[in-house]
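Below you will find one chain, with nothing else, as structure tokens; this is the form predicted alone, and questions on how it binds or moves follow later.
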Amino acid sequence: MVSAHEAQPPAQPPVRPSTQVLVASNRGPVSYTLGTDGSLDAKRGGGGLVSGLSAVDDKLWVCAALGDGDREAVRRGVGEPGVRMLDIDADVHADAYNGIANSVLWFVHHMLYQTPLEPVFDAEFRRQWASFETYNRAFAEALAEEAEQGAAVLVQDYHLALVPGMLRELRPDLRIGHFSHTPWAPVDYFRLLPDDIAEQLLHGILGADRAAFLTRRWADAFIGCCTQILGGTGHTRIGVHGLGADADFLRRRAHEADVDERMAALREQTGPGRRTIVRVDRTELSKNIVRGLLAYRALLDERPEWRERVVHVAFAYPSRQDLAVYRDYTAEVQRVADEINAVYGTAGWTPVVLHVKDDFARSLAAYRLADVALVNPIRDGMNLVAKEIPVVSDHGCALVLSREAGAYEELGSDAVVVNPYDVSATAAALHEALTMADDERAARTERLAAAAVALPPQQWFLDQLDALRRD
């Protein structure tokens, strides 16, 4: 007779966690342009994720095909090693990306709605939400298919908020993290969303082992939403990782020949001996470019001694121009800049030098030239421009910074801090920054730069990965 002990199968050795790392994001590290002759041209991107993943050997990046070139590359089987591009139906992607992610979730987290008129959650919203679910499910299924046993998966941002929960159901063995690159709305504003949608979004992120944010403020807002709407965060750990500037790359790139050429051109545009107030932004509604221009106009109006002595160098690079509200905003930026130049400009002085064509070398040239950096977003997850300018500045730069930027937590003590809605106070802050003593400006810039590079992109990513594997 065989005893019960003898009848048990032999113990299996525990499965060792995989070293594989998967990243999921809407936009991937490479994009393709389809030429008129049918050729495909690949363009590689940069940023914190690209830098972070460079330190990992066993990796896979799952992303969406964003245009005709990307979709054609998928159909032809063209791709980069370590990248899987998903050819999600173009209409589904448009509904998910523009209809929900950029026109609803972005507006909620950045608190951009004009609430007497919007939002309106009707049948069209529900149709687009179904596409958002389909889009997230495509990512979850691809990750489940590609991931080894016990692999680490790092899901990025509000576009993929439902993925952790969907992936958890498919692959409970995985270590799943979600990182929010945006602010998180306070609970009263988050509750603008339909109740079931708000709950679905929270449950989606809480499918992760670890949910991380750029600042403690955004993490606390998420916890507040979970506590008041769901009763808590369950077993999900909450983390904070404030992305910093890549100092080595920026300082090297900022001294290449094309940047020197752009500096010479900007000096010619601004004129000799004039101070410069610099801003570099996408024409994103949350960046508050129009109020920044209005504050500069108030400075010229209320303090005429600055006329012909200062130039506002404003780079407003087009963003999301397929959405009418963004096209209208871009047009308003141009209109206000033109109006300032028409009212105050002279034969030898253009008060606002506005550029709307994206040019990274020119942005770095402006960073180096800036006497004052104006970073006044209505609300921003972090804002790397606020961190990059002090790192690159040639002779020290005073930072005028919105208290609603995530960077305020790290940089606020050495910035001139403003309420982004208060145009008069922002004009006064610009005057304070322009008149700051050289030694104080230099000392503040040094401290700002040190804070800005405290967690460079590669370390930012690896810290998240280590915490996910450890928790």
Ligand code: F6P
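Residues carry their position along the shown sequence, with the first being 1. Being a predicted model, the structure only gives us computed values, none of them experimental.
Beyond what is shown, the protein has a form predicted together with 6-O-phosphono-beta-D-fructofuranose (F6P); the following relates to that form.
- This chain lacks the partner; the member of His159, Arg379, Arg279, His93 within 4.5 angstroms of 6-O-phosphono-beta-D-fructofuranose (F6P) in the model of the complex by a non-hydrogen atom is His159.
- Only one of the listed residues (Arg27, Lys59, His431, Arg441) places a non-hydrogen atom within 4.5 angstroms of 6-O-phosphono-beta-D-fructofuranose (F6P) in the model of the complex, and that residue is Arg27.
- With respect to 6-O-phosphono-beta-D-fructofuranose (F6P) in the model of the complex, the three residues His241, Lys387 and Gln459 uniformly fall beyond 4.5 angstroms at the level of their nearest heavy atom.
- Although the partner is absent from this view, His355 stays clear of 6-O-phosphono-beta-D-fructofuranose (F6P) in the model of the complex, with no non-hydrogen atom inside 4.5 angstroms.
- Though the partner is left out of this view, Trp129 does not reach within 4.5 Å of 6-O-phosphono-beta-D-fructofuranose (F6P) in the model of the complex, counting heavy atoms only.
- Taking non-hydrogen atoms only, Phe315 never approaches 6-O-phosphono-beta-D-fructofuranose (F6P) to within 4.5 angstroms in the model of the complex.
- Interface membership of His181, defined by any non-hydrogen atom within 4.5 Å of 6-O-phosphono-beta-D-fructofuranose (F6P) in the model of the complex, is confirmed.
- Per the 4.5 Å heavy atom criterion, 6-O-phosphono-beta-D-fructofuranose (F6P) in the model of the complex is contacted by stretch 151-159, the sole one of 389-397, 335-343, 151-159, 266-274.
- Residues Asn102, Trp106 are the ones in 99-138 with at least one heavy atom within 4.5 Å of 6-O-phosphono-beta-D-fructofuranose (F6P) in the model of the complex, listed in sequence order.
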